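The form predicted alone is given below as one chain in structure tokens.
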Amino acid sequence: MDEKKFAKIEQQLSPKTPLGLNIVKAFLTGGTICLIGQFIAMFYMTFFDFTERTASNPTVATMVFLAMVLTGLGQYKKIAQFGGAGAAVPITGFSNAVVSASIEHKSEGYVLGVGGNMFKLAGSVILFGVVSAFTVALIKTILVKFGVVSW
């Protein structure tokens, strides 16, 4: 059987992906995660006298912590299975990736297993973020130095 026939048969036998339903689930899941983050930020602004700007750091830390706990309890996987890409909201998805890799290699020990493999999945994200931040800061510094923009 050649590749074209195989691809045609595979396409006929494969179940159709419910694209519209997946989009709605991702939107609701991601929106719910962001809504929880907004409630946490409002909590910090209301009860701890943070400003909108200063509430962001404890909010991020709280969201990372919650995603870590949910991943450790096996609940974030269920959320991700339901919401698909909606569960990959940057902060919680990143936290889930780091903790999942750690849990997966726990049997190899805490130093070589957990510590050595913690950033296996997330390492490229960290590297890209650091390089991007450095590049943007360098461009901004050059533009400010030559008077093109003033910040």
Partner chain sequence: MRKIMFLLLISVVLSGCARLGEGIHIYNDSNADSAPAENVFKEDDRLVSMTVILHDQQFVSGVTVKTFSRFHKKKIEKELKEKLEKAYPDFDVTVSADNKIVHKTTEIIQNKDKAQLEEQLEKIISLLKEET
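Just so we're clear, the structure is a prediction, and the values are computed from it rather than from any experiment. Positions refer to the first chain, counted from 1.
Keep in mind that the form predicted together with its partner chain is not shown, yet the notes after this line are about it.
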Original post:
Should Tyr110 be classed as touching its partner chain in the predicted bound form when contacts are defined as heavy atoms within 4.5 Å?
Top reply: no
Original post:
Can you check whether Phe39 is within 4.5 Å of its partner chain in the predicted bound form, heavy atom basis?
Top reply: yes
**OP:** Answer with yes or no whether Phe27 is in contact with its partner chain in the predicted bound form, where contact means some heavy atom within 4.5 Å.
**Re:** no
Subject >> Partner contact for Met45 in the predicted bound form: its partner chain, 4.5 angstroms, heavy atom >> reply: yes
